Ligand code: UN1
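Just the one chain here, laid out as structure tokens, in the form predicted on its own.
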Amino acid sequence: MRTTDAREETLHPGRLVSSIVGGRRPEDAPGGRISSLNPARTGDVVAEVALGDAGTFVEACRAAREAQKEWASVPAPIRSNSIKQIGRLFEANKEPLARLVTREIGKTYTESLGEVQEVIDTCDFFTGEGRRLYGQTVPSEMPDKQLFTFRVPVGVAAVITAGNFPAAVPSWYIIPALACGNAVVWKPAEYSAAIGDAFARILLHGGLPEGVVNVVQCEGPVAFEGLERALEAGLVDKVGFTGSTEVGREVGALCGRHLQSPCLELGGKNPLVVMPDADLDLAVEGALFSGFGTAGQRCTSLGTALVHESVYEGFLNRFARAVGEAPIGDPTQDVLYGPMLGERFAERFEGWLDLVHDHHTLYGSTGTGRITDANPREGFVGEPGAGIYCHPTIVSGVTEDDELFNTETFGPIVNVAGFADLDEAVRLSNAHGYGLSAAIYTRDAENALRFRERNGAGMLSVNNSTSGAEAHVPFGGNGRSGNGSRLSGIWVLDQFTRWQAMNWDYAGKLQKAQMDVIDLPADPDFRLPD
């Protein structure tokens, strides 16, 4: 296999991107070639992508295995110094990387800047964690004996991520994995290949040894085949996956066969509860951002607004008006959202509109489906025919028996359902089986606390939207949203380290736990005088 050195390239993405294995690029494309297109202007080719195959994935895992032991031997504070350098490189390249995010996946430029800032924040956080990979000194039940615990790297981490957050989410896996002494094989989404390539090259210029980070540009089924082969060969010790619940089940089953517990960050059908005492304008603002930001293509996007019957019509009228007035279109402009991530996402979204039935109302809608010259949206910013745009859709009258209530609809569609009291709101907020994010709008502290106690989501907001994360707070879900693993903050360390216990006996003789324990005799008949 002929290769070229990836480290010799500039940081600016070229027209051709490919895998990076052991610091070098294969010159062939065994998985074929695809074009990555700008979804806001589909005639704009962002990059040509040379795809790898399952063998490329296995070779990347082998390169990571060879590099990992040396990287693990680097003292943790020194590894974190590399993370610090990487963070400064992301900071220096924040604007060009954000522009690339906007160009390749259609996220608004403001959101793209925020996404790259999340990468910088993650690097800043883990710059210090290399000095805090603490174990413990534990007292023994034996004399002349000490007990210790240590965090040790898992080994090789295979990470597969979606493209809706093509920089932030990979950083949640890759940065802590590196800080903990692991090597990484990363498969970015094929529709965000140029972003993945730019991200990887920043990592490579941060002082990491060759083979510590490897990138495989390939399609999803190919990555699954490669992962299966790498697990069978004993080349992977930890799997991280962000994507749909359906694929997450397959990844979980595969890892289970190899006695591994993956880190799964999956979908959501995130509820937003509006109580009678809520600030309705604030609730509408939160619903607008979490329901339609990134064209509803977030795992934390609002699924169903659950609104108390006493304020149902007032909320719905305000929400419909806000959606109708929101600017939509060219993501380089000041708009609420831009295009869908790609053609297949738009087609899938149109399919979900078939779940709207006669007892539902498309409330205040200015149109449904694609935004085109023939199906326009008033006030659209830019040229609708140039890209892949969809109308925002509000569906009222949704009940828990509707498929629309229980299905993650990855796109600009929000359900609205009513409830009579907090007990019903809590029940509905859990009924769909997902457990990623939830929000409640209320001025009553008891409502907020009761909701927190009884809602099963991994992340809750009070008077804020269902979307939003910070680098030092655990991110992840339960139920159909994940297996309880968490990204971000100190909690992610448990994904990329294993606890090792050691006992050190200096008594000069064998001491057997639980058998040679010294008992201090007590006098069971002792009584104080009256």
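Fair warning: this is a prediction, and the values are worked out from it, not measured in the lab. Position 1 is the first residue in the sequence shown; the rest follow in order.
We do not show the form predicted in complex with ligand UN1, though everything after this point is about it.
At the 4.5 Å threshold, heavy atoms of residue 26 stay clear of ligand UN1 in the predicted complex, well away from it. Heavy atoms of residue 157 never reach within 4.5 Å of ligand UN1 in the predicted complex, leaving it off the interface. By the criterion of a heavy atom within 4.5 Å, residue 164 is counted among the residues contacting ligand UN1 in the predicted complex. In the predicted complex, no heavy atom of residue 236 sits within 4.5 Å of ligand UN1.
The partner is not drawn, yet in the predicted complex one stretch among 78-86, 206-214, 293-301, 323-331 has residues with heavy atoms inside 4.5 Å of ligand UN1: 293-301. Taken together, the three residues 118, 172 and 475 all come within 4.5 Å of ligand UN1 in the predicted complex, as judged by their closest heavy atom. When you look in the predicted complex, the only residue of 54, 469, 493, 50 with a non-hydrogen atom within 4.5 Å of ligand UN1 is 469. Within 4.5 angstroms of ligand UN1 in the predicted complex, the stretch 396-418 places no non-hydrogen atom at all.
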